[in-house]
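Just the one chain here, the form predicted on its own, laid out as structure tokens.
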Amino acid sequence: MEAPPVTVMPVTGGTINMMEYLLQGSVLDQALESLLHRLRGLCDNMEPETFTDHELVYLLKGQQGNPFILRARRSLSHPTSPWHLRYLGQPEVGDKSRHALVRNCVDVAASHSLPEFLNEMGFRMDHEFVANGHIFRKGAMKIVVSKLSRILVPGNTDNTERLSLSYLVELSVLAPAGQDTVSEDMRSFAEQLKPLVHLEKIDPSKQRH
């Protein structure tokens, strides 16, 4: 089964039906402080926002084709905040000259009964994880540096295990369809982060889950 690359955007407000422009990379744990220092110098916020989120990925299998995927996310740092429900479309493959992956993104706030609602609609939870890290901003660009952890006991976010010895780094912009010039701005920003991290346009055909 092919699916869009996993993205780990934290719960920071809702957006309705926009296009997400995305570059991704990773950095080893021992290089984290060097990357954060570089980002502090380049971004608008000297001190990044921090987050700890719990994400559940739900599937709805149809008669044929790939299952429909929705992502439910809640903040563990701010437990009274609304949940967020995200749909990420299949990446557009038309324009090879784009410097970033482009896909449709629908993000809406929801009540705390979201998991129960999805279950009643026939969705099945496929997997869940905890993401924690830092958020930097540069104009319309958002840079998220996060550590992913698997949940060892379903639903117990206190019992986790880190997935790797690296941090996921994501550079993204949400914009209306047709704003392809933002990918050039993203490429220029990504160049300034080398050689600490190499942010790339993910080839969806090579992403299998």
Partner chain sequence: MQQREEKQLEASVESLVSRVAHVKSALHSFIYKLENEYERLTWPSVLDNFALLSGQLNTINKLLKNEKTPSFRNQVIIPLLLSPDRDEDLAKLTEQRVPVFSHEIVPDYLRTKPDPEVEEQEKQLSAEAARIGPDVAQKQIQTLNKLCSNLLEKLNNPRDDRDAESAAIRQNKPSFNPADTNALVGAVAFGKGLSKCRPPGQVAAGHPGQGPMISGGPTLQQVTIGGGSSQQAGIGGPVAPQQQGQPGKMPSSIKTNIKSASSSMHPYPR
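Numbering follows the first chain given and starts at 1. All of these numbers come straight from a predicted model, not from anything done at the bench.
Unshown form predicted together with the partner chain; subsequent notes refer to it.
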item	value
The partner chain contact in the predicted bound form: R187, any heavy atom under 4.5 Å	no
Interface membership of S111, the partner chain in the predicted bound form, 4.5 Å heavy atom rule	no
In the predicted bound form, T52 touching the partner chain (heavy atom, 4.5 Å)	no
Partner contact for P79 in the predicted bound form: the partner chain, 4.5 angstroms, heavy atom	no
Heavy atom distance at most 4.5 Å to the partner chain in the predicted bound form, all of R74, V93 and E191	no
Residues within 4.5 Å of the partner chain in the predicted bound form, restricted to 106-133 and counted by heavy atom	N119, E120, M121, G122, F123, R124, M125, D126, H127, E128, F129
